[in-house]
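Below sits a lone chain in structure tokens, taken as the form predicted alone.
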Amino acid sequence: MYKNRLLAACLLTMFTTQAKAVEIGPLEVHGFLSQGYMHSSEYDFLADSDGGTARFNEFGVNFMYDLSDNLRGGMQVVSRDMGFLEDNSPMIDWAFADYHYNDLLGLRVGKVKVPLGIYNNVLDIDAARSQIIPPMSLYNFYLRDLTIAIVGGSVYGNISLDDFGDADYTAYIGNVPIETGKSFEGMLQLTSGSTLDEVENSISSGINVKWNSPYGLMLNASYVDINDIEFAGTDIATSIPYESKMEMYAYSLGAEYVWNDLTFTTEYLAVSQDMDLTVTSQFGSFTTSSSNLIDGWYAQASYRISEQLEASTYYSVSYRDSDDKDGQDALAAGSITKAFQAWHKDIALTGRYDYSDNLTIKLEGHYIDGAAFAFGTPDKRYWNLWAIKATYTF
């Protein structure tokens, strides 16, 4: 059935590639439809990929309205299916009012995207990136709920540096809209084998600075701090309930260099987590504290072969604990059963074909060392995954 859905979606877009955005006066309506198929040789990765799945899609529509020369508003509604992580429930991806005073100063209020890393702002737009699955070292889907958006406000602007190009900045603060049954619960299932029964919104603040040089080089730095993430759930193996409070901060450094049709990108991300965990059983309650640093990096190259064809590759490295990169401490503590569960090292190769301005088709392969982000019995260190995806935009 899912393969038939994939074929139908691809055929639909093939015959509707001349559709354009809807414009009604100052109102613009855009949208996208993506359908993919994933297959992994081992494990479930992001979706039910072991054995193959077409539960790998997203649909979205957005509206932008110009209220005046300086003021506009808009929102985007997205529905996503990623197997056990997402179930096609519609959600508001972003919704804000934007007042652009001048190039130096603007203000957004509402649900706004968090600029963590170079590409986080466009992570939900498949046609805006080369890969089907971006590098997990920077754009970890299991951390998505914590890092993709806030409900609050941001200030932004662009500063001219004359002969040295210009700089963009964004600073923001607001609540983190975490939900049960989404990616944060997937992270808990992966790292601690527990469910998420309830969660309180927490406060997130941060800043992003980007330097756009006149030499094809762009440098980016981001910082985000998330306070008082309070949540509760149940240990799956023992059915024992727990309560937890977590503090988290993350920073990233990145560079992008464009030379003719070649684009080189590299980024580094570090995520620090401090957690207090309270477990309640028939023997009473007790609290434990822990801290760890998740970090990773990637290097990527993309080459535009022609107007329609692009090839890209990246090498991505992630560690669940930077102080235990070989997994020996986690093995001794019993939190993992194989050392290779401590890391995720991914070599990816993508071919992108822009059939038209509206339709993009991608084919991608991954050769992966480690099982840090994989679900299933950890019996093989090396495994592979391939994916195909068609995206239609208007």
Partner chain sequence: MKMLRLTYVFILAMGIYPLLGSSLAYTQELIVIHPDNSNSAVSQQEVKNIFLGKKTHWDDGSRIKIVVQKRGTAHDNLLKNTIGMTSVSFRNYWRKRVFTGSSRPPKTFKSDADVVAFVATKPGAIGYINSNSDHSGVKALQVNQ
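Numbering follows the first chain given and starts at 1. In this text the structure is predicted, and so the values were computed from the model without any measurement.
Below, we turn to the form predicted together with its partner chain, even though it does not appear here.
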### Message
Taking its partner chain in the predicted complex, would 158, 261 and 358 all count as contacting it (heavy atom within 4.5 Å)?
### Response
yes
### Query
Would residue 41 count as a contact of its partner chain in the predicted complex, using a 4.5 angstroms cut-off between non-hydrogen atoms?
no
### Message
Under a 4.5 Å heavy atom criterion, is residue 326 part of the interface with its partner chain in the predicted complex?
### Response
no
### 4.5 Å heavy atom contact, residue 76 and its partner chain in the predicted complex
yes
### Task
Using the partner position in the predicted complex, report whether residue 30 sits within 4.5 Å of its partner chain, counting heavy atoms only.
yes
### Query
Only one of 329-337, 42-50, 342-350, 60-68 gets a heavy atom within 4.5 Å of its partner chain in the predicted complex; which is it?
60-68
### Task
Sort through 72, 245, 144, 80 and report the residue having a heavy atom within 4.5 Å of its partner chain in the predicted complex.
72
### Summary
None of 195, 121, 202, 302 but one has a heavy atom within 4.5 Å of its partner chain in the predicted complex; the exception is 121
### Task
Can you tell me which bits of 310-345 touch its partner chain in the predicted complex, meaning any heavy atom within 4.5 Å?
none
